[in-house]
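Presented below, as structure tokens, is a lone chain in the form predicted alone.
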């Protein structure tokens, strides 16, 4: 009989685009099943592809359960067409994790293809076999991986290495010292296999610091460095940066060999070489400085030639800024023009360049740099304008001998936009904190009325209070802020500044300060902390104004800001050629440890198992309900099931006393070994109802009546913990805990067959409820 698909093709429907989602007709799955069966022996790969595409389309849609086609799809996998293989493997891996009976059929298919003549199919089959994440797949996975590690094709070996990493994250104890074989594969002929082996060793040995390097291995990797692609070279250079040469001769030999890699056009390779040089010489200051001087030209060149790729350019500039911030800013001082902003550059490039300019400014380039930064102040982009003003302020703070020219230039911006004036005031605050002698040069902008931003107003009020004796209009400017609707932070600053000015210009500030006290204290809606401060100052002035004046006249000279010290200390912890340079944070602050990901994966597996158990339980309950409601219909459906091809055998959905073996015994070592190696199964927590039977002897007798036997027990601080075991079609293990302090009962159940853990847990819960131990 010819298939429906062939008939439709003859009628001309093949010339139209295939419509996979027209609607859900009755019997659609059966039609697909017949269609797949009839195309198994089809020689035309294009026709077979269309059938498989249709199955995948329905699977993706999700409204039709096509899992009944599993046997047919396994049969359809007998093909050499890679396109069909990929789609069929997608189907198999999708449904294999939902049903373990199906999973073993998929495993058999993958195992068969792992021995295929085509290396691409062998590798692809192994990759999909490794993607099955339930625990039962491991025993089939490891033999395939071990065989593939010695395959004649590099693609298969490369895939097998990645399979080792997947097994490590699922059940690491199954690897059985696979590290030795991975170390041997570093001497493989194929560069990609070597790189995968390095990555795998770093993952598996992460807690030990990654792959161990010897002098022989280092010489071998350096000798083959040019055989690798760019990412492979970057990987090897990253490993070399962790190596510690035995003496200076070995260090210089490695550095001389790698020096020509500094001319490479790939930024990853250049940064990798620089990282090796810096790590080798970090404890040799003189050689380290020579290294910084040597790598300056490659970095500046890379930043220049990366103009078309701004992301790479930004990365290079961040590393230049990192080196400059470590005290080597003079190295880049002569190349300051390379960091001037261009019109076509995005904002984030301009911002990082302005930060670099503020770091490398010195006496011989300051004149030209001031003119350039002055042009940026009038930029249409407010962010660039503000950053330029901040850069000028940073230079003035870092180079106090040259600050006068910068202060005068900043004062000339008073007639420009309000946001420029606001930013200049913020910068002046920091300059005057460190160099108070420039206050007279700032009078024009301090007495300006263009200040609108809240933070700028706070900075202005601070300046007026700190230097009130040298600013003629200080009392009258402060008076304008009294009674205004401003932030609490501004009012706190205003109170402090008015007191400071009062002590140096009492006649002018007497009425102003009294007005301020009245406005704050008499306002019922005012901030309580502000009112307390005002009341305290008022009482102190009434009590002894001379002593209060002496306290307020005490001043501290600022040599270095705390923020600068913190940034410099953190910069020493940044790792070159890593994201910490980009984020300006220590690696530990944005990369979680490996234990976090291990726990996350374990939780995902537990959630998946619980979801599967809940699905199976709900299906079982529905079947039981149908039997009770209509037993005749159930008998009829069972008769019809004889004609179905893909129905799965039903499993036992409950456990009784007779299900367990009487007087079953095991030793403590066996129990401990099984409990440690088995995955978490089912867990429940219930409220304790009866304390009278919550003791070791009674609980042991109760469990023994239900053929579960105690192997260990102990009680401490009203917490009784007992361990039980039993056996029916598989062994089951229990951890039973009664916490009398919290009145809770906790039961953890593990089983050789994970699905049976829930049934055993339910079995225990039922007889505990019968004796009213729990609710």
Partner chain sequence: MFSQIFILSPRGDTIINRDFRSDLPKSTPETFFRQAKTYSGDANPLFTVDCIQFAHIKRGGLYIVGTSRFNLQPAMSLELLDRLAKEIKDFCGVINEEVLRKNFILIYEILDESFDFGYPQLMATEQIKPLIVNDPIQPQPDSVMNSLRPKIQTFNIFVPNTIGSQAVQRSVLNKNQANEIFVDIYEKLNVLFNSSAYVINQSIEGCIQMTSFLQGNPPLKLALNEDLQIGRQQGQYSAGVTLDDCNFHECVNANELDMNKTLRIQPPDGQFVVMNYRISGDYAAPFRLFPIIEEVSSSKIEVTIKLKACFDAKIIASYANVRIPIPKQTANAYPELVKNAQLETAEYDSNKKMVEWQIKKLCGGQERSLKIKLTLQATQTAHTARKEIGPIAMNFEIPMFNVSRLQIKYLRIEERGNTTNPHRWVRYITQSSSYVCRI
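No experiment lies behind these values; they were computed from the predicted model shown. In this text, rigid core is short for the largest set of C-alphas that superpose within 1.5 Å between two forms. Numbering follows the first chain given and starts at 1.
One more form of this protein should be noted, the form predicted in complex with its partner chain, which is absent from this view; the next part is about it.
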query	finding
Partner-contacting position among 539, 216, 246, 226 - heavy atom within 4.5 Å of its partner chain in the predicted bound form	226
Listed residue (444, 289, 375, 250) with a non-hydrogen atom within 4.5 angstroms of its partner chain in the predicted bound form	375
4.5 Å heavy atom contact, residue 302 and its partner chain in the predicted bound form	yes
is_contact(residue 158, its partner chain) in the predicted bound form, heavy atom dist at most 4.5 Å	yes
Its partner chain contact at residue 192 in the predicted bound form, heavy atom, 4.5 Å	yes
Interface membership of residue 713, its partner chain in the predicted bound form, 4.5 Å heavy atom rule	no
Region of this chain that lies against its partner chain in the predicted bound form, out of 689 to 697, 264 to 272, 541 to 549, 172 to 180 [heavy atom, 4.5 Å]	264 to 272
All of 139, 279 and 674 with a heavy atom within 4.5 Å of its partner chain in the predicted bound form	no
Those residues of 470 to 491 which, in the predicted bound form, come within 4.5 Å of its partner chain by heavy atom	none
Residue 91: Cα shift of 2 Å or greater between the shown form and the other one (core-aligned)	yes
Threshold 2 Å Cα movement between the shown form and the other one for residue 680, core superposed	yes
Core fit, then residue 299 C-alpha moves 2 Å or more between the shown form and the other one	no
